[in-house]
Structure formats: structure tokens, C-alpha cells
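Just one chain is shown here, as C-alpha cells, and it is the form predicted on its own.
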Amino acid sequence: MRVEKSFCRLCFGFCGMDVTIGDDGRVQSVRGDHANPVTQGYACVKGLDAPEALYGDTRIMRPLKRVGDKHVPIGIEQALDEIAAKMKTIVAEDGAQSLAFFRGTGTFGSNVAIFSWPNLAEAIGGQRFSTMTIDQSAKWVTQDRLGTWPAGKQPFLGSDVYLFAGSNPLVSVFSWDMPSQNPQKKLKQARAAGMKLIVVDPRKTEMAQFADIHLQIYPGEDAAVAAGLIHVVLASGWEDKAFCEAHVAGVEALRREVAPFTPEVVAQRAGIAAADLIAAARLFAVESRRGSVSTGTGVDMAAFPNLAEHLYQALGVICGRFLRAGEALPNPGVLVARQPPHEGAIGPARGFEKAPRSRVRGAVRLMGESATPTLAEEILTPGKGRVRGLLISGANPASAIPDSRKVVEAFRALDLLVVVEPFHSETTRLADYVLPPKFLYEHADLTFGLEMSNLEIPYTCYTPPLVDPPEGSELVDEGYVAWALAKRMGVTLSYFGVDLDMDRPPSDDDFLAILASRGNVSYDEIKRTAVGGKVFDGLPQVRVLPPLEDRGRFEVMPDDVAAELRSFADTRGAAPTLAADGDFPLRMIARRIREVSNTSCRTFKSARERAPYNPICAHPDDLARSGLREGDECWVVSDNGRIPAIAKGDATLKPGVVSMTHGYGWLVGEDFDYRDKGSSISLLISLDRDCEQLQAMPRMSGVPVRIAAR
């Protein structure tokens, strides 16, 4: 028995772990590493289930090939030969855009996979898809239309206030703006230092329980709340006038367009008190001088996501909540050395206007990615460029993408479906080839992804591989899959800007060395000193430089955003609509639980024991109005379908709002036991209606439903 230092890779928390390895060379147990300088012993139930993940019977141990209606083992090199041959045929007959490459959140379990998969798509010329364009594409739209500030927002640590909308990082263990490492401890430390917290959410989430002000809105009304906050700030003269004069365009247009969103109007639409909206605006803009706005999927999956995201970020802009000349960046970068940015904005790029659009519905491409909501149509719609081959890494889109009947129909119509995935899922059931990767403590890794997102201290952690793959298995490095397919296709794989040697298979160590090659600390030193995690306190500070003369400006109210806001203003609002009590009197939101991560980890021991299915959670008053009691079997019905559920009372929900954990369910068309697998809420959602015009994003939160006994 021995104990080794490493870190978990089941989510973006990347928690430091003490891994106990038995004399048989297998992981016996894991626990949070209290010596890790950032996670400090924190670990969730998913991470503690590592032995089950590595050695459980749901793990795929050998590459599989579909033969008839079943999968049979196949050697990895033969599988890659056959896959590449089919890819070549598709490219020769219909062009490279008929190959699609889908990257899911599961790739964050391997920092090599995060980049190698889209790099493979680029080398071949195929289309790129990801989970980003099915849950938070509004962030990319906003960046393109609002502009950016290279120095970044004022960091969470040291802020006086932060506003979180539709985000619950205490459970999801991820936020774009708050440290994800031991998040509850970080939040408590910030609160003890005086930070005030504003939370906008239809449920009194774990995050909202810490809030000074909780705006418990109806789903779909984030745009109203954000417009109302801006209205109060501008009407009261609370904006940062000097910052706006120097760095912001369109303030008067913004003032004009939000004028209809008085506190009284917002209160009537969103189901909150006007006084609370005013208090939140005062707390954010007057009583606090540092701190910004952070949004999550609750904003970006509801109606009018592009508008709501833009307005929330515009609130931070008009209050000037960005690092200024002379201030130090919170993290100079360990793996990627930050260069001193100038104070100032980079104006809107509006890249989506220049990029080629989808051949179906004209959906825009964002950051080079095609719109995931159109993927099923891209497969099913005849014509030149129809997607015929789909290669997926770290995702289960047959379950995760809405309207799964249509998605499954599309996947069955493919000429080639390849899935790189460690566990059996709805999508692997449909695959022509399944390639199982090494997982968790079987491969080397770095916490590179943290540094590219929200890490506010110069920290990194390295882990070597601690155990061999299980005896008798044939697992593959994800980077090798990308390299091997590129080689067979006759193209050079470029990884993070470096062309790989196509005559020699790269190791994980080769890939990681490239990731760390632009850092302040050498890869050799990181391998030597950062096992178990290390904060590199001695790095030189990087300070914001004075503004340039030809600096750009944020654009807070471009014409297309103004048009969206007017269209939104013409809608009736959630509260009046719910009061009408039509066929679908409730609004469904998704929720997260600690036991699962999207569609992953459902088969782990903790999830099987604690959350084998996903109940329909409703306020007790709504259960009573529906004629249901706790534990009753029921149907959840929308205008797109119905799913079975078990009723559960939840007083943290706003009356009129119900929720179910997403990521559960079964393969459409097959028999299932709800109590064993739960239900897929994607069946309630349409990919064709209630979609954003730009990127075809469907309404996935605030879905009109009813619940009825069965």
C-alpha cells in the first residue's frame, strides 16, 4: 500500500487528492488532499468514487465495433484504420465539412483532449461542435457584440460585491468568475472579508443561501431584471461617468432602451419586489466599488439568452468594474505567461457576421464552432455538405441535446459515428466504433484548464500516471487517437500552435510539455515541484499599462441588441403568463446535484445509492394544486412530449417553478425502468421552436409544463 499525490479530473474543480494504491497496483481509495494549497482537502462524492469509476462494470475496457445490432471487441489499430478509411470516403465524396467533431465537457478530464480534438477537426477541415453552443453560446455572442477588456474584470477575491445570475458554483464547482477550488470555503472567506452577494435565481440555491439580496425571479426574466438594474443605475446617476466617457459607446442609447423597464414593470414581470431591485442596484453600484457580474447556464439556456447575457455584462461595464492602469493581474501565469495588457477595451469584433453560416437555418458560427442545436438537421437534411460522419470526444449528445428523438434519429442516419468515451452511454449504444480512453489516475496531466479560466493565484498541479490500466484492457491516450487519425488522413496535427512529428507517436508528456512551453515556469520544474500542487509566489507581477491613444470602446447598445430588447418588452412577461393558468401552468428549470456531472457519473456507486433517478421537484403548494403528494408517480408534460417522474416537494423553488436534474434517462425507443435510470428532460424541449435567431439556441430553461398523476 502506498499513497500518492494527484488531482481529480471529473470536473473543473481539479481537486487535489491523496490516492491510496494497493499492492495489486490498483487504486484502493481516494480522499481530499488537505495539503493541497488551493483545494485544502475538499472533494465531492463523485471524486471519492474513483475506484468504482476505474474498475466498475460500466467502464468500457476494449475498443468496440458495431456488427449488426451489437458491439464486438476490435484492436485499436484496426479500429483506427477502418475509421480513417471511412473518413476518407466521406471527404472524397462530400468534402471535409461532411465530417463533424464534437467535444464535450468530459474532455476536461484530460487537458490533452481539450485541444487535440478541435485541432484534429482543423487539420482535416471538418466542422467543430461542442457543448458550449448548446448551453452558453450567449457568452460568445456577447463578447462579439459588446467588446472585451484584455486586463479582465476586477477579480472575485478582494471584491466588495458580486452578482451571480443563474449560477450555482457551490454545486456545479465551476464559475467563469469565481474560484472553483473548494468554492464554499472561498465564498465564506470572501464574505468574512466583507463581500456582499447578490443572487438572481428562481430557486433559493446553495449560493442564494449566502446572498445579501436574492432576486427570486421567474425563469426567462433575466433580461428584464438586468435591464431594470441598468435603468435604476442610469436614472440615479450611479454609473461610473469617467469610465463611460473614456471607454463606452452607446450609453445614451442604453438609457433610452431600458427606460421602459422601471422597477415596477420588472417587479410585475419577474415576480419580485420593486424595492429589492432598487436595493440590489444600490448595493452593486453605490455601496460597493469593486466587483462584477457572473452568469451561468440559468441565464444562457432560458429565453432571450443573448439579450440577457449582454445586459448583465453591460451592467458591469457602465459601473467600470475592470482592472485599470497600474493594477496587478491576480495571476501572472504559471503555464501561460501573461503579457502586460493596456487599460482599454477592444471594440466588438462581430465575427459571427463574417463567418460562414450553417446550411440549415442560417445559424451563425461562433469562435469557429458550428451551432450544436442544428447538428441533427445537418445530418438529416439532404444536400452537399450534409454531415455524414460524427466523431465525439467526452460527450453524450444523444442524451444531452434537446429533442433527443430527433437527435437519435439523426445519429442512426450517419455513415460513421465514433465515440471516445470511458463509460457506456446512450451515445455509445448508437456508435459504429467506441474507443475507451485512459482515465483519471492512469495518465499524466496538468491543471492547464484552470489557468485558462478563473484561477486567480499562480497555482498549478502536475500528476504522473499512478496506475496502469486494468489487466486485460486495451485503452488509448486521447491525444494518440487524434494524432493517429491525422496521420492516416495524411495531414499534420498542430497542437496548441506546434506542428507534431507525424512519424513518431506523441506521448501525453509530449503534449503537456507543449502546453507548458509558454509559461513562467519550465515544464521540468513543474514536474519536479508541483506534484500535489504548488503556488509559485515568486513570479514577477504583471501590471496593466496606460491606455493607448487609439483604444477601442465597449458598445453597450448596438442596433441588433436594441431590437431584441424591444421585442422582449413586447412579450407579456412570465408572471402575467403564469397567472393565466393555461395548459402548461408551470415553468421547468434544470438543476444540478453533486452526485452527477451533466450525463456523467450516473453509474457511480454514490449516484446509484443516493440519486438513481431524477424526481420532479416542485413547491409544496404547486404539488397540492396538481393533486399530487410527495412520492406520487406522475407525468411531466410539455408541448413537445411527456416523461415519467416521481413528485418531490421543494420549498426552495419559487411557486410556479419546477425543476429536474438534467442528464438522466434512456435511449429513446427502448424500454426502461424510470426508478433505475430516471427521465431525460430533453424530450420536453424542441429544437425547432422557441430558438434564438442567431445561433438557433433552443429554450431549455423556463419550459412550460404541467404535472399530472399517472
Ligand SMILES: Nc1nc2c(c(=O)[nH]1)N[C@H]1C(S)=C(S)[C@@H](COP(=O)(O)OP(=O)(O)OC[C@H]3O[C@@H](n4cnc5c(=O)[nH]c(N)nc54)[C@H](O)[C@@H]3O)O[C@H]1N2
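When you see a residue number, it is the position in the sequence shown, counting from 1. Because the structure is predicted, anything quoted here is derived from the model rather than measured.
Here the subject shifts to the form predicted together with the ligand, a form of this protein not shown in this document.
Enquirer: Looking at Thr463, Ser404, Ser597, Gln313 here, can you tell me which has any non-hydrogen atom within 4.5 angstroms of the ligand in the model of the complex?
Expert: Exactly one listed residue reaches within 4.5 Å, namely Ser597.
Enquirer: Looking at Val171, Ala355, Ala235, Leu539 here, can you tell me which has any non-hydrogen atom within 4.5 angstroms of the ligand in the model of the complex?
Expert: Checking each option against the ligand in the model of the complex, the one that comes within 4.5 Å is Val171.
Enquirer: Ala645: heavy atom within 4.5 Å of the ligand in the model of the complex?
Expert: Taking the distances in the model of the complex, the answer for Ala645 is no, it never comes within 4.5 Å of the ligand.
Enquirer: So in the model of the complex, is the ligand close enough to Ile685 to count as touching (4.5 Å, heavy atoms)?
Expert: Yes, Ile685 lies within 4.5 Å of the ligand in the model of the complex.
Enquirer: Against the ligand in the model of the complex, would Phe322 count as a contact residue? Criterion: heavy atoms within 4.5 Å.
Expert: So Phe322 does not count as contacting the ligand.
Enquirer: Can you tell me whether Gly533 touches the ligand? I mean in the model of the complex, with a 4.5 angstroms heavy atom cut-off.
Expert: Flag for Gly533 set to no.
Enquirer: Can you work out whether the ligand is within 4.5 angstroms of a heavy atom in all three of Asp135, Gly166 and Ala302 in the model of the complex?
Expert: Every residue of the candidate spot has a heavy atom within 4.5 Å of the ligand in the model of the complex.
Enquirer: Can you say which of 380-388, 236-244, 216-224, 337-345 gets within 4.5 Å of the ligand in the model of the complex, counting heavy atoms only?
Expert: Heavy-atom contact with the partner occurs in 216-224.
Enquirer: Which residues, if any, of 193-222 lie within 4.5 Å of the ligand in the model of the complex when only heavy atoms count?
Expert: Going through 193-222 in order - heavy atoms within 4.5 Å of the ligand in the model of the complex - the hits are Val200, Asp201, Pro202, Arg203, Thr205, Ile217, Pro219, Gly220, Asp222.
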